[in-house]
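In the block that follows, a single chain appears as C-alpha cells, in the form predicted alone.
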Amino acid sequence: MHESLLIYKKFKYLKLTLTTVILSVVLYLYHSPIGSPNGGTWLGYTLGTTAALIMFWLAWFGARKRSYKKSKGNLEEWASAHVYLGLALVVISTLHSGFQFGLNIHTILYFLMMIVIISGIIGVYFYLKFPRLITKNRNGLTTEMMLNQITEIDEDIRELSMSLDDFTVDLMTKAIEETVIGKSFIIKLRGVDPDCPTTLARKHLRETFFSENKKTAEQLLSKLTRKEKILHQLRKDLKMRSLLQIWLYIHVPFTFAALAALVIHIFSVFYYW
C-alpha cells in the first residue's frame, strides 16, 4: 500500500485533483465580481462548498479507514484520494477566500486547515518511509524475539563476569539490570542513549587489559557488543514509532479544531447572510 498510494491506478486522483484545481483557477481568473474577489460571490460559495465537502470527507475517511483494512485495494484508493484531495484544499480554499485574511474565524479556519494539511504531508512522508525502514531495521525479528535474545545474552554476561574483578562485575550487573530502551521522551526521539549501562560496560571492557581471564573477557565483550546491536535496533524502531505517535498527536487534534472552526464559519456566514 505504501508504494502504490501516490501512483494508484496511474495517478488517478492526482489527475482528478489537477483537473479540479485548474478548473478552479480558470473560473477565478475569469470571474468578475463587484469589488474584490471574496467568499460571498457565487464562485466564492461554490469553492467554499467544495472545500467544506472535501474537509468533511477527509475527516470521515480518517475515522473510518480502519474499516478497510481487510480490503487492500479499497484502502489504497481511499488513501490516494485522501492525499491528493487534501492538497487540492490549499488552492480551493485560498481562492474561496479571495486572498482576504484578517482577525476572524474565517482566517483562523484557514490557518488551522493549513496546519492539518502540512502535518498530513509530513504524515505521508512518514508512512511511505518508515515501514520499509522498520522492516529493514528488524531484519526479520519481532520485538519479542529481540527481547528474548537480550535475556539470553544477559544470562551469559552474568555467568561470564563472575570470574572478573568486583568493579567489572558491578558494571556488568548494571548493564543487565539498569539498561532501559526508552527511559525518557528525548531519548526515544534521539534513538540513542549515551549513558546506556551496556555501552559503558562494553567501553570499560574494551579499554581494560586482562592478563588473566583474557578469553572470558573477549567472550564477554562479544556478548556486550551483540546486546548493544540489538538495543540499537530496538531504539531505532522505538524512535520511528514515537515520531508517528507525535504526528498523530498533532494531526488529529488540529483536524478536530479545523472542523469545529468550519462549522462556526458556515454558521456565521449563513447567520449574517
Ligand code: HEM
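Residue numbers run from 1 along the displayed sequence. Everything numeric here is computed off the predicted structure, so don't read it as measured data.
The form predicted in complex with ligand HEM exists for this protein as well; it is not shown, and the discussion that follows is about that form.
Visitor: Partner absent here, but in the model of the complex, which of 147-155, 193-201, 114-122, 134-142 has residues with a heavy atom within 4.5 Å of ligand HEM?
Guide: It is 114-122 that comes within 4.5 Å of the partner.
Visitor: Please check if A52 has a heavy atom lying within 4.5 Å of any heavy atom of ligand HEM in the model of the complex.
Guide: The answer is yes: A52 has a heavy atom within 4.5 Å of ligand HEM.
Visitor: Tell me, yes or no, whether S184 is in contact with ligand HEM in the model of the complex, where a contact means a heavy atom of each within 4.5 Å.
Guide: No, S184 sits far enough from ligand HEM in the model of the complex that none of its heavy atoms falls within 4.5 Å.
Visitor: Counting only non-hydrogen atoms and a 4.5 angstroms cut-off, does V252 reach ligand HEM in the model of the complex?
Guide: V252 belongs to the contact set for ligand HEM.
Visitor: Decide whether K188 counts as a contact residue for ligand HEM in the model of the complex under a heavy atom distance cut-off of 4.5 Å.
Guide: Looking in the model of the complex, residue contacts with ligand HEM do not include K188, since no heavy atom lies within 4.5 Å.
Visitor: Which pick from L58, L43, A217, L234 sits with a heavy atom within 4.5 Å of ligand HEM in the model of the complex?
Guide: That would be L58.
Visitor: Considering non-hydrogen atoms and a 4.5 Å limit, which listed residue (L238, I230, L221, L248) is close to ligand HEM in the model of the complex?
Guide: Flagged contact: L248.
Visitor: Taking heavy atoms and a 4.5 Å limit, what residues of 86-100 are near ligand HEM in the model of the complex?
Guide: G86, L87, L89, S93, H96, S97, Q100 sit within 4.5 Å of the partner.
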